[in-house]
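A single chain, nothing else alongside it, follows as structure tokens in the form predicted alone.
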Amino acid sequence: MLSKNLFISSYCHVKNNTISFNGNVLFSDDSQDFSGFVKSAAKHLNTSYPKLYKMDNLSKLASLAADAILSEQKAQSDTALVFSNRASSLDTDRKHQASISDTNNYYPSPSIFVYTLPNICLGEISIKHQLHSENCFFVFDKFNPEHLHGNTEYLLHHKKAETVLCGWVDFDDKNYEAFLYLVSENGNIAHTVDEISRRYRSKL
């Protein structure tokens, strides 16, 4: 039996050293590299979570975007996560490879190796926000709203979760982009492929 109509209740972009929520800028600082931006943004958003600074870049990016949404929406424990990207964990994979390539200075760091899977960022978000529902991470050549829409509809219609946080979180070298949105039975934006695409393409 299908549930009620579903809606996008909120969405967030993190790109170009700017965080926006529902089309409004929450924080912007283009004077720093990504690491500095994360520290300044976390302070501005009152993100009290020391472990954030020990994460790899992909997890930092995902956590910032998730915080912007889940802090406002008060995340439920049965909020599912459906994420995707293009580069997988490539940014961290390169760092791990560099740590084992030099035979004269061979030191594979466990703190780097643990992040050589893209879905680790889902675990970091789940731990912080105490989520206990379904989660999955897909790798595509480009943003795939059809796939995200289909998975989210399945989870909610089959009562696998009450809400679903989903979207695109990609980090490769100095290039990064996050677009996350929350889907539930409450909201003003219809949960359709066209609306997902429209929000993803928006500047904020």
Partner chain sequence: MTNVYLSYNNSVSSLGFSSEDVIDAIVSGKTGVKKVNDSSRFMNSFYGSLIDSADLERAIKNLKVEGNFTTLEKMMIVSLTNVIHSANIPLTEKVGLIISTTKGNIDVLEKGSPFPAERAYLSVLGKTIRDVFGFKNEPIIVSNACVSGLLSISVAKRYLVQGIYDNVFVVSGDLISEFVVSGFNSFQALSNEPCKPYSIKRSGINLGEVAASVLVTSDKEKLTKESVELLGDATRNDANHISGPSRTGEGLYQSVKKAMEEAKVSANELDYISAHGTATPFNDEMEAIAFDRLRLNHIPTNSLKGYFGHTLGASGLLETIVGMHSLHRNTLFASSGFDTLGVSKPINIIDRTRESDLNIFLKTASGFGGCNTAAIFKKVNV
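Numbering follows the first chain given and starts at 1. What you see is a predicted model; the values in this text were computed from it and never measured.
Below, we refer to the form predicted together with its partner chain, which is not included among the displayed structures.
*Asks:* Thinking of P108, N119 and F137 as one candidate spot, does its partner chain come within 4.5 Å of a heavy atom in every one of them in the predicted complex?
*Replies:* Answer is yes for this spot.
*Asks:* How about H147 - does it come within 4.5 Å of its partner chain in the predicted complex, if we only consider non-hydrogen atoms?
*Replies:* Close contact exists here: in the predicted complex, H147 approaches its partner chain to within 4.5 Å, heavy atoms only.
*Asks:* Can you tell me whether D172 touches its partner chain? I mean in the predicted complex, with a 4.5 angstroms heavy atom cut-off.
*Replies:* It does: once its partner chain is placed as it appears in the predicted complex, D172 has a heavy atom within 4.5 Å of it.
*Asks:* Quick check on Y154: any heavy atom within 4.5 Å of its partner chain in the predicted complex?
*Replies:* Contact with its partner chain, yes.
*Asks:* Can you tell me whether S71 touches its partner chain? I mean in the predicted complex, with a 4.5 angstroms heavy atom cut-off.
*Replies:* S71: no, not in contact with its partner chain in the predicted complex.
*Asks:* Using a 4.5 Å cut-off on any heavy atom, which residues of 119-136 would contact its partner chain in the predicted complex?
*Replies:* Going through 119-136 in order - heavy atoms within 4.5 Å of its partner chain in the predicted complex - the hits are N119, I120, L122, G123, E124, S126, I127, Q130, L131, H132, S133, E134, N135, C136.
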